[in-house]
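Take a look at this one chain, the form predicted on its own, written out in C-alpha cells.
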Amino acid sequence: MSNIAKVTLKRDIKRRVLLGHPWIYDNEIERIDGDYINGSIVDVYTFAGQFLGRGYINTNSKITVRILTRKPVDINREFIKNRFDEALRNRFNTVCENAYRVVFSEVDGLPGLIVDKFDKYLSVQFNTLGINMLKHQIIDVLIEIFNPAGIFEHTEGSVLEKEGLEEKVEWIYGTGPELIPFEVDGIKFLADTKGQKTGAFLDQRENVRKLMEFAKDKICLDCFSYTGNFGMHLLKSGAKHVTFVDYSERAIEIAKEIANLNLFKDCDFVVVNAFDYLKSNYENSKLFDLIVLDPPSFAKSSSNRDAAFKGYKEINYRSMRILKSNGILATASCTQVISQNEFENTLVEAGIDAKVLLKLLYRGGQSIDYPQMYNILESMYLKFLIIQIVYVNTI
C-alpha cells in the first residue's frame, strides 16, 4: 500500500497507545503529512519517527485514528479474512452454538464492526466511517465463511452523525424474516431486526446459565426484560412464575411470542417503565423470590456518571424491598464508565438503606464471544452479580 498519509503523535505520547490501545485522540496528534480523505488508511508514528500502527482516520471524530494493526501490512480482503479466522478461533466452543457474536469491534482487531450470528443469518453494524469503507470486502468474507441465508445491517445511533454516516437498517445480502429465529440452551428466541442493537443480546450467556440454578419453584420478576432472555431461561429451569416488565410494547409482544413458541404458560407481561413498576410495588408485601435487573446503559460518557449511580441505587434498593428474605437479586450493569467496584459499592449503599445484608453468590461478566482485553478497558463493560438478600430483622 503506497501513498499513505503519515500521522505523527506528540512527544508526550500516552502509555495507553504504546501498550496497545487502538484509539488515537485528536489532541494526541502533532501533525498529519500527505493526502487523505476521512475513512482512509493512514500510518501512525511516534514523535521520534517510530512506526506505531496502521489504521483509518476521521478528523470529524475526537477518536481521530483507530488502529487496525501494529504491522505495515496491506488492509485488504486477505487481512480482513485473517481477522475473522482469528476471531473464530478465539470463540472456542462458542462456534458450535446456534447463536454467538462473531466479531466484537476493537478486541477482534476490526474497530467499529459488530457481527452477530443468529442461526443461518448474520446481523451486522458498521459504526465508523473507516470500517464502513471496508464494507464490501467484509461482506464478501462473511459470505465465504458462513454462506448465510441473509445479512441484515443494523447501523444506527447518535454516533453516526459524528462519523458522517447515515442510518441503515435493511437486508444487505439475501433476505430473511423480520423476527429471526434462533436457539440458546434449547430455548427458541427471536432476534428483532427492528429492535435494539443487532436484534438480541447474547452477552449474558454464562450468567443466565448460572442463574438457572436458583430458579426452581421461584416467583420471579424479569425487569428491563426486553424480549425476555433471562425470564425464558428461568421458566425453562422450573420457575413457578415469571413477570416480564419492559417499557417497549414491541419488545413485550415479541416476548409473548417467544413464550408461546416454547409453550411457557406460567408468566405474565407488563408494559411499563421499570422504575415506575418497582416504585409502585414498594409498599406491598414481599412479592418475589427472585428478581433480575438487566437495564440498558445508564451513562454513555463520564459526564452522566452521577445520574447512572442514582439510577442503579434506585432500582436495586426498590428490588431489595420487594424481595422475600433470602430472596435472590440478579443485577447487571452494562455502563462502561462505571467500574466493577463502583457498581458493587452502589449495591452496598442500597442494601444499607434497605436494611438488608447482601450475600454474594456469583460474580460474572461477558460471555467468551464478547472478549475482554485489559489494555482496552472499554471492552470490559458488563458487570453481573447474583446476591442473596437477607433482612436484618430475620437473623
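Numbering starts at 1 and follows the sequence shown. A quick note: this is a predicted structure, and the numbers were derived from the prediction, not measured.
The same protein has a further form, the form predicted together with a small molecule, not shown here; the description that follows concerns it.
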Fill in: Tyr226, Asp246 and Pro296 all contacting the small molecule in the predicted bound form, non-hydrogen atom within 4.5 Å
yes
Practice prompt. Can you check 120-128, 86-94, 266-274, 169-177 and let me know which stretch has heavy atoms within 4.5 Å of the small molecule in the predicted bound form?
Written response: 266-274
Worksheet item: What is the one choice in Phe214, Tyr317, Tyr100, Phe201 with a heavy atom within 4.5 Å of the small molecule in the predicted bound form?
Response: Phe201
Worksheet item: Quick one: of Gln196, Asn304, Ser325, Asn262, which gets a non-hydrogen atom within 4.5 angstroms of the small molecule in the predicted bound form?
Response: Gln196
Practice prompt. Could you confirm whether Phe230 comes within 4.5 Å of the small molecule in the predicted bound form, counting heavy atoms only?
Written response: yes
